[in-house]
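A single chain, nothing else alongside it, follows as structure tokens in the form predicted on its own.
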């Protein structure tokens, strides 16, 4: 009755958790939600033209603006090879459709972005843990090198060079997902791996969700010349084009003279939240977990001293109005037990304090029962 790919599709645990975050007094460390108070208070006027159908690749002025910024990063991304997406999740789906047949080897980090794993599995990929260097037979290598989801890690220059060289040598297409690069709180190499891929096949994508407004559902990708036309055809078969209204709002925002100042303020705001969250972690979880403060992005990655399955802890946490993401969900193969991803951007300081205190109590209670 249904397609065979539905057999490998599992509900997204993040979306299921987000369904309960509007409960009164719920403290959410689960999804990568920006702080509500950091979202723009936007009002404006639109033309009738904006409400008409538009080009599949996206609005020319927005594509040109994105292109200009990518070229400054060293990426070979002229406007004619930039596409506006209905959220960066669409980019993952389009690339998966382009490359993946059942049992196609796809190299991924372990752990890596849960929603990417979900899409790759749906199309039947054979997931290969390349641990920085793609497997020789992998058709596609997916990587989040800058403030990775879930770990927050930022690859150093030598490892970025190694990934690019391995992809070029193996003729593997690099798929670089880079939604967090603007949210940098400490210095690290954020130069895209795609800028090192001259002569190879690559896709580079980013998002406006983390720096502007996730509800607009807008992202972008650029790709090497051999891939871009096929990706456009796939998008035409999915949604014709992304919302022109969302594109106009984003274009007006990122070309506003105050955009760079807004980004600086946002980074300062989240740096303070990260530092406060790190201090609260030390107060409540130092005896039961290890972690490193991320240099950027939105997440802390915790390894519990006692290797419990944190998926079993989640139900109790939600009953006590605390939501988090079990780290086991982010592994392409057998998971490392006792890992937790905590978002620090959404909850305010008082809520974070209360939520981490509760989480520590739950972890110690499990330890006592073992």
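Numbering follows the first chain given and starts at 1. The structure presented is a predicted model; accordingly, all values stated were derived computationally and were not measured.
Although not depicted, the form predicted in complex with a small molecule is the subject of the following passage.
Comment: 209-217 is the region of 249-257, 264-272, 209-217, 71-79 lying near the small molecule in the predicted bound form, near meaning a non-hydrogen atom within 4.5 Å. Taken together, the three residues 111, 117 and 130 lack any non-hydrogen atom within 4.5 angstroms of the small molecule in the predicted bound form. This chain is drawn without the small molecule; in the predicted bound form, the residue among 124, 136, 87, 276 with a heavy atom within 4.5 Å of it is 87. Note on the partner interface in the predicted bound form: the residue among 179, 105, 152, 200 having a heavy atom within 4.5 angstroms of the small molecule is 179.
Taking the partner from elsewhere, residue 92 is found to have a heavy atom lying within 4.5 Å of the small molecule in the predicted bound form. In the predicted bound form, the small molecule lies farther than 4.5 Å from every heavy atom of residue 100. Looking at residue 144, you'd find a heavy atom of it within 4.5 angstroms of the small molecule in the predicted bound form.
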